[in-house]
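Given next, in structure tokens, is a single chain: the form predicted alone.
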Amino acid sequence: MANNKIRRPGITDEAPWVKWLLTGIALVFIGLFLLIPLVSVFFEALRKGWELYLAALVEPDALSAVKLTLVTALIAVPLNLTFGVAAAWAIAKFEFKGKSVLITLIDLPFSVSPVVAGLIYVLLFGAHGWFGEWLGAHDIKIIFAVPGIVLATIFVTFPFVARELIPLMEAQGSDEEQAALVLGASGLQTFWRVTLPNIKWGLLYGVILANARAMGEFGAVSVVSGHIRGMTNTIPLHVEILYNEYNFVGAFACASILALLALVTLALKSWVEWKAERDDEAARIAANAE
């Protein structure tokens, strides 16, 4: 009798011990390099009790670092969201000269060290930089001030939204947008009623990643901040200062905020992926029913 058993994708004929060996190796690496360091952060933060932990979090310099981190993310992420949607729409829906150059520039922050990115802004806007004399004459401060931190954060988070949307929009094509335009919809109506619903999960995914990177960025921000306590220190910079001062409880307490952010980001990322897969499955079922 012919064997009519349907094989599921991804199933192999490897021996069971191979599966368990590979799974075991993966779990060991996850435990050693992810779980143990994450647990140790919370352990060290709480080792001397809740009172000292909470006192470290409500200390004025810590609150200032949290506030600056949130303000930076609230400025950088929406700007990159706007650019990412515009760039992805242009690249995926239109053909124009310089398209490959634009794609390359979007990927530039992935290949440039964050420290180098910070030095670029120092070269441009520092006291001895290209525009430093003019900025000084007009009493405009960018380096060692909040604007420099925002600019550096925008640079390092630049690709996340665009890179999530470009392949998604390219895969979807432009048939639905063209149909909407033929039926009399304006460009803005087409975006809100056709394009945005199709890319919403990819857009949210990119925003989550950009926000996590914005709040956790160290290298570029460290170069342009000046490390002024209570003024230009974000959470990662504040953690470094406390650790160098041997204030381990304070350092790990503030680090636990970043660890919690990582966990929340992971949870949101998993939820977005689950919702996207669920919507895709519902769309396939609806298409098959027709």
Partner chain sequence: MKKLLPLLLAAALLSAGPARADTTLLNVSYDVMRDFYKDYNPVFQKYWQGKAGEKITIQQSHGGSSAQARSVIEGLEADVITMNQHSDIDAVAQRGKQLPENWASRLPNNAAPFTSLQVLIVRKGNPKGIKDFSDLIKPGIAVVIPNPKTAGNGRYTYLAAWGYALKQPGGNEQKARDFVSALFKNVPVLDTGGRGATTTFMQRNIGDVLVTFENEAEMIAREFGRGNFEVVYPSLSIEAELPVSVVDKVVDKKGTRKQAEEYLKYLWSLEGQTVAAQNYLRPRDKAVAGKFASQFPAVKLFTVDEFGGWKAITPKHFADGAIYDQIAAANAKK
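Residue numbers count along the first chain shown, from 1. Keep in mind that this is a model prediction, so the values were computed, not measured.
There is also a form predicted in complex with its partner chain; it is not shown, and the following applies to it.
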Y53, heavy atom within 4.5 angstroms of its partner chain in the predicted bound form: no
Non-hydrogen atom contact R193 with its partner chain in the predicted bound form at 4.5 angstroms: no
4.5 angstroms heavy atom contact with its partner chain in the predicted bound form for L46: no
Close approach of A127 to its partner chain in the predicted bound form, 4.5 Å, heavy atom: yes
Residues within stretch 117-148 having a non-hydrogen atom within 4.5 Å of its partner chain in the predicted bound form: V122, G126, A127, H128, G129, D139, K141, I143, F144
